[in-house]
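Have a look below at one chain only, the form predicted on its own, in structure tokens format.
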């Protein structure tokens, strides 16, 4: 069949020209290209994929994929100090054991006809997360923390009827890109600068951004997003003041939080936050090649907020049998499952398994375990900051701030770039920190170094010794 002819596939109905034309007419699109109008031409391929000859057997496919994977050096093989959104934590064996069980692993939608405890497991996860966050309502996980942040902002926009969201200028480029794409066209996203002396949010810049200029349409703020810890690892000690300023301007305070730090840090609710959100990857999930993430959203039991959740919420209710309880959807009519294209947002179910996994992790750790986890991370992070700051040519900015899990190292004094140093350390069996020169363009050669409970004193000392050797 020539390239100019239509390709009809037996299992793809929309490959039939008449069917495709009817579908395009139904949605009011002139061509399939209309669906990709938001994708810049500069990043489109513009040609057919250069695909190899088809693999005809399973054994060939396995050999091919294993060959591709063998090119990687994973964080299990190397001593890794990479974080920046996906973190190296200890994963208890029971987490893998439970999430691999057939009744959880294969239960897709989890409806009553196929539910084997999945509803209860997710209800227990939501309950433990609510206790950790000091909130009343927690959702069944969305795809990842980036989506949870974006959804929380869209919820704020729907609640307030306003059109602007303020986010820290130092959030990761990937996270900002996801937020901007996800909230468009409902919200405009504006950055709030950091204080160059502390690395925290600049309160004067926030006050200016919150100024209510009604003469400029859409300038009123629906939500203020604040991170704790910040993307740079610092504890946002100004949290209560940020929330107060947001509320004074009539905006909703959304706090993006790392749940693994809540054994030592006050939860967003303690600041008066309206919505908390984040990623549960640190709670029992391995670092993976793009997977292993799930996003949580939490709030108080305020109907005005709860009815704006697009994702599923599981609750508990007594049954006709005394002492027996059932678990199921709360306000199901909110979701796109119930109203399809009329839903506030589209809801998928791909991340629910990770909610069960995080529930296992939280049940195993308990309050004391979470506290010990947080204390260990803070202590080891501070030790690493002190150890690396002693190396000639290395500076640790914002060292006066409290840090958890991550901190910035500036290599500018060494005359080397982060890319050069990282490549040299890989040869010595170490993954160095993420290059954050785009988030901190005025800092020189900044890297974001991650230290968690899995890093021993010997690991940190090894990094220091090897880094000093590379910089000589």
Partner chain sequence: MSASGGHGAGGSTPAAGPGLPVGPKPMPRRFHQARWDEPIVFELSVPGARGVLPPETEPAVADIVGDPAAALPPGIRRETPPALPELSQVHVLRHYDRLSQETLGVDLNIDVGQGTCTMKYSPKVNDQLVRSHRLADLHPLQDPSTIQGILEIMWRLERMLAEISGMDRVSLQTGAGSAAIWANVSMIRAYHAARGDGALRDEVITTIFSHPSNAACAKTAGYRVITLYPDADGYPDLGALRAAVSERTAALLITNPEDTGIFNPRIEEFVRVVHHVGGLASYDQANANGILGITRARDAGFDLCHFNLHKTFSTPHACGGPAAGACGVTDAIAPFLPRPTVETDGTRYWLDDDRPASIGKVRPWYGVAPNLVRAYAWIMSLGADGLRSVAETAVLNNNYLMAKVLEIRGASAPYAAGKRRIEQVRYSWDELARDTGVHTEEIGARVVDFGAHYWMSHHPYVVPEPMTLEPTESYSREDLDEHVAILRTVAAEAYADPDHVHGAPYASTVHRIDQETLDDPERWAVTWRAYRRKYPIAGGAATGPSAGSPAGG
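None of the values given here were measured: they were computed from a predicted structure. Whichever C-alpha set is largest while still superposing within 1.5 Å between the two forms counts as the rigid core. Numbering follows the first chain given and starts at 1.
The protein also exists as the form predicted in complex with the partner chain; that form is not presented, and the subsequent description refers to it.
Colleague: Which residue, 159, 209, 200, 306, has a heavy atom that falls within 4.5 Å of the partner chain in the predicted complex?
Modeller: None of the others qualify; the residue that does is 306.
Colleague: So which of 399, 193, 331, 163 gets a non-hydrogen atom within 4.5 Å of the partner chain in the predicted complex?
Modeller: It is 331.
Colleague: Partner absent here, but in the predicted complex, which of 201-209, 373-381, 389-397, 250-258 has residues with a heavy atom within 4.5 Å of the partner chain?
Modeller: Within 4.5 Å of the partner lies stretch 373-381.
Colleague: Can you check whether residue 55 is within 4.5 Å of the partner chain in the predicted complex, heavy atom basis?
Modeller: Yes.
Colleague: Would residue 29 show up as a contact with the partner chain in the predicted complex if we use heavy atoms at 4.5 Å?
Modeller: It does: once the partner chain is placed as it appears in the predicted complex, residue 29 has a heavy atom within 4.5 Å of it.
Colleague: Quick one: is residue 442 in contact with the partner chain in the predicted complex, heavy atoms, 4.5 Å cut-off?
Modeller: Taking the distances in the predicted complex, the answer for residue 442 is no, it never comes within 4.5 Å of the partner chain.
Colleague: Would residue 229 count as a contact of the partner chain in the predicted complex, using a 4.5 angstroms cut-off between non-hydrogen atoms?
Modeller: No, residue 229 is distant from the partner.
Colleague: Would you give me the residues of 43-78 that have any heavy atom within 4.5 Å of the partner chain in the predicted complex, in order from first to last?
Modeller: 43, 44, 45, 47, 48, 49, 50, 51, 52, 53, 54, 55, 56, 58, 61, 62, 64, 65, 66, 68, 69, 70, 71, 72, 73, 74, 75, 76, 77 sit within 4.5 Å of the partner.
Colleague: Fitting the rigid core first, would the Cα of residue 64 be found 2 Å or more away between the shown form and the other one?
Modeller: Yes, residue 64 moves 2 Å or more.
Colleague: Align on the rigid core first; then say whether the Cα of residue 454 has moved by at least 2 Å between the shown form and the other one.
Modeller: Shift at residue 454: below 2 Å after core fit.
Colleague: Is there a C-alpha shift of 2 Å or more at residue 420 between the shown form and the other one once the rigid core is superposed?
Modeller: After core superposition, the C-alpha of residue 420 moves less than 2 Å between the shown form and the other one.
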